[in-house]
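One chain follows as structure tokens, the form predicted on its own.
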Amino acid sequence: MTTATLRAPDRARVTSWLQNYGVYLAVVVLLLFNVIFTENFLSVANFRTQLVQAAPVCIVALGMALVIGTEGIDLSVGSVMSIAAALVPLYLGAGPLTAVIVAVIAGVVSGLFSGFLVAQLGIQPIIATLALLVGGRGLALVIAHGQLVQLHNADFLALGTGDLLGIPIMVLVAAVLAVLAGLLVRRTTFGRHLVAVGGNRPAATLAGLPVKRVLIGVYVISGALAAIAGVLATARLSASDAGETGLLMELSAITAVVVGGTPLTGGRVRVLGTVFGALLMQLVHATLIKHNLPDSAAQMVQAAIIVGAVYVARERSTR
């Protein structure tokens, strides 16, 4: 028996451990690094900033995790955020609640569109959602007439800048949605069907599971969560900017999901891992910026993390 053969089980265990727990270790290591080497990192204001900035990515990534759990992908989330941002000022005069409801309905409709293309017409998810990625942002710019609109409704702006019991509302919303997503995956029939469809769609179809409804459902949830993130991002910015809101958010969300341990091959959803994946990417970006490295460096590091996470997932799937 060769040394390579003897080491194979150990390598498999390490690969499995990294996929399951690597994101948590990475967050801890990065936190320790910043505590030691980053000035004023332990301040309450800094922690608040990091959590607030990570919240929209976390919310979008939760929906993305459900879609990826069915072996799909949703490239339209950034554009859905943009549509939500464009709609808010049009309905804010009727009250903040009305504006939020309209924006979320737009996200649901967007998800229905993508889900219909995937489930009913059999179009590949990457193609179906790519169409909305391009067309959705164009629609948002048409709605907004290509202009940035300043917002002054204090009740609405509180969603992005306000606190509840000392905790930023954005962070609370992200936390509640994460808990709901976890319950959905682990405690509901829909969640079990989602995992089954992602694990083996033909078998799920033969077993009589509502495959099409599940597929449409995950895209609807993803669209709704993207719209919520768009509303919160708009409130935090105090302005509706259809051209910039959600830009490249699909990449950040996919990164958080993959780094969090949800395989691109479907059949599994790691909600807590996704939350920590979003936190990790925010910490990476903040760390590089605080040490005077350009934003382009953060993007390159993000790309390297994606490649590493996908490689670990691939190694595990081949064993």
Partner chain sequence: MTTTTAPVLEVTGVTKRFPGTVALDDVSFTLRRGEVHALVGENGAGKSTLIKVLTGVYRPDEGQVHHLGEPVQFRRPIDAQRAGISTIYQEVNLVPLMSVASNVFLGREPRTRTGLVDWSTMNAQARELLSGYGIDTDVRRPLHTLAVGAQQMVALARSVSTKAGVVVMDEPTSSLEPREVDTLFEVLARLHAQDISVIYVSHRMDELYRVCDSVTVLRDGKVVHSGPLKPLPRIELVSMMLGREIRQIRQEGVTAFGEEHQTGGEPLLQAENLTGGRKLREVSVTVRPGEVVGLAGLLGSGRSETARALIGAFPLESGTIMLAGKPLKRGRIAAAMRSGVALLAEDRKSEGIIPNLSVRENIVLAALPSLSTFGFVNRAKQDRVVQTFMARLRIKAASPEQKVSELSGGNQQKVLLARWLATGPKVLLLDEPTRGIDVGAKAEVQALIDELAQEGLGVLLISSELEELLDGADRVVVLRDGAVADELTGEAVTEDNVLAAIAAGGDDDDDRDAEST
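Given the structure is predicted, the values throughout are model-derived calculations rather than measurements. Residue numbers count along the first chain shown, from 1.
Omitted here: the form predicted in complex with its partner chain. The next part is about that form.
Asks: Within 4.5 Å of its partner chain in the model of the complex - does that hold for a heavy atom of every one of 95, 98 and 150?
Replies: So, no: the whole triplet misses its partner chain.
Asks: Can you check 158 to 166, 83 to 91, 206 to 214, 231 to 239 and let me know which stretch has heavy atoms within 4.5 Å of its partner chain in the model of the complex?
Replies: Partner-contacting stretch among the options: 206 to 214.
Asks: At 4.5 Å between heavy atoms, is residue 102 in contact with its partner chain in the model of the complex?
Replies: It does not: once its partner chain is placed as it appears in the model of the complex, residue 102 has no heavy atom within 4.5 Å of it.
Asks: Is residue 173 close enough to touch its partner chain in the model of the complex, meaning at least one heavy atom pair within 4.5 Å?
Replies: Close contact is absent here: in the model of the complex, residue 173 is far from its partner chain, nothing within 4.5 Å, heavy atoms only.
Asks: Quick one: does residue 270 come within 4.5 Å of its partner chain in the model of the complex, counting heavy atoms only?
Replies: Close contact is absent here: in the model of the complex, residue 270 is far from its partner chain, nothing within 4.5 Å, heavy atoms only.
Asks: Does at least one non-hydrogen atom of residue 220 fall within 4.5 angstroms of its partner chain in the model of the complex?
Replies: Taking the distances in the model of the complex, the answer for residue 220 is no, it never comes within 4.5 Å of its partner chain.
Asks: Are there residues in 227 to 266 with a heavy atom within 4.5 Å of its partner chain in the model of the complex, and which are they, in order?
Replies: Going through 227 to 266 in order - heavy atoms within 4.5 Å of its partner chain in the model of the complex - there is one hit, 266.
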